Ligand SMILES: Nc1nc2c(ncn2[C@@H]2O[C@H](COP(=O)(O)OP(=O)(O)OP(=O)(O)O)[C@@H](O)[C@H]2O)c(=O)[nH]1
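Shown below, as structure tokens, is a lone chain in the form predicted on its own; questions about how it binds or moves come after it.
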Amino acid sequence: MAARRERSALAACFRAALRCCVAAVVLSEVSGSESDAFRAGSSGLSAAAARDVRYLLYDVNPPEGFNLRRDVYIRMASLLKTLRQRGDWVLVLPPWGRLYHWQSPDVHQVQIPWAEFFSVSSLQANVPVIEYEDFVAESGGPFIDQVFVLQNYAEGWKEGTWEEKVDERPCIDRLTYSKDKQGYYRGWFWGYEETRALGVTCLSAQGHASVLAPHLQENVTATSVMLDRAETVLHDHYAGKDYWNTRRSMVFAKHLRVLGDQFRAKYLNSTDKQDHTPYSEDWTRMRAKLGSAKGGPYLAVHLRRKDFIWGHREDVPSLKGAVKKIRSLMKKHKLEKVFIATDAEDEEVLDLKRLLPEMVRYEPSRAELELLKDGGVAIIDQWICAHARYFIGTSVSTFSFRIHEEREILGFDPKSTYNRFCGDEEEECEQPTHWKIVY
């Protein structure tokens, strides 16, 4: 503990010295006039100095996908709200990149800011957040005082004796961080090679996200704290008001919504006015009545393939089984078009088009893909699925879960939303649970 406090003190001294150097360089270039850099306040140096700000950073297990990471953000936002009851904490948004499902070749997909995918101002209406590069500028450099690698307890827990607890423990798995010649810790850090940490410790945690708050408030003096493997902790209030406030604040970036709306209008005869899906830029004013949304005249499908084919064999249908269900739904709901979001291989997509000539997909050009990234394309797929007359997804897929939530926000009848494909041989096909929105 004493060693960590000493490192934190050294970090504070280093930052103070660095701020002085930055100020000296800027002043030397002013040549007698007041510097616009200080008036603009874009770097946040003066603001950070005036406030006793602490920064919460986090990362997630590398194999986890885009939509699970969105879920972890909700947990960290809840933790931040608890921390802010006793201090001025700011959540630093971890840059996107190098995800398993983002497999487009030759597309640069690292160090992607959240603004590429979400409205940061909408997030800030719920909790104070900043992009990682803003943190670097505001805190005085690419340094993180303390990294806590979250892990479960090595001894596990006995049935009937569950308790929430946090303890510093020896690391169970081999650390993905290594010390350099200067004594700093190097790691992935979202692709920023210049970023380093002063200390790395393993923290066994069992419980909801806010179980970490007392430890961070009472035992840690570091200005910037990063929680690695943040998916280890659970939601504080899953599906409650706090959960939905954070989820509603995760408004898709406007350019992605516009592209999705243009596609709906051009290929699916779908507009907000016709579909009874009015949308407000201010999520705090958005409160659609359940069942008020009609949706566009098309069926929307999320058909997960690839790793789900072998990872969830029992509840994922064959292509022929999926097409049979799709045709049944189109006939039942008198729909002539079907929009399909899928991660299927090219060969399977060709089979789908042969079996289902009516299908429509969002297929960006090469130039559009480089601009939008795989994450942007996935969001457009979700946005289009969210506006359909009827939606059917894939069992236990977080991609489908996020569409459920989007449709809940827009005011769709639950019967048109919480549906999933069944496996060809699945005898008991339980449908998704309706998590009703709470305002």
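Please read these numbers as outputs of a predicted model, since none were measured by experiment. For every residue, the number given is its place in the sequence shown, counted from 1.
Form predicted together with the named molecule: not shown, discussed below.
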**OP:** May I ask you to check whether residue 102 falls inside a 4.5 Å heavy atom distance of the named molecule in the predicted bound form?
**Re:** yes
Subject >> residue 68 within 4.5 Å of the named molecule in the predicted bound form, heavy atoms >> reply: yes
Original post:
Quick one: is residue 342 in contact with the named molecule in the predicted bound form, heavy atoms, 4.5 Å cut-off?
Top reply: yes
Original post:
Is there a heavy atom of residue 196 no more than 4.5 Å from a heavy atom of the named molecule in the predicted bound form?
Top reply: no
Subject >> Single option in 208, 229, 264, 302 placed near the named molecule in the predicted bound form, where near means a heavy atom within 4.5 Å >> reply: 302
Original post:
Looking at 372, 378, 56, 410, which has any heavy atom no more than 4.5 Å from the named molecule in the predicted bound form?
Top reply: 378
**OP:** At a 4.5 angstroms cut-off on non-hydrogen atoms, which residues of 420-439 are near the named molecule in the predicted bound form? List them in order.
**Re:** none
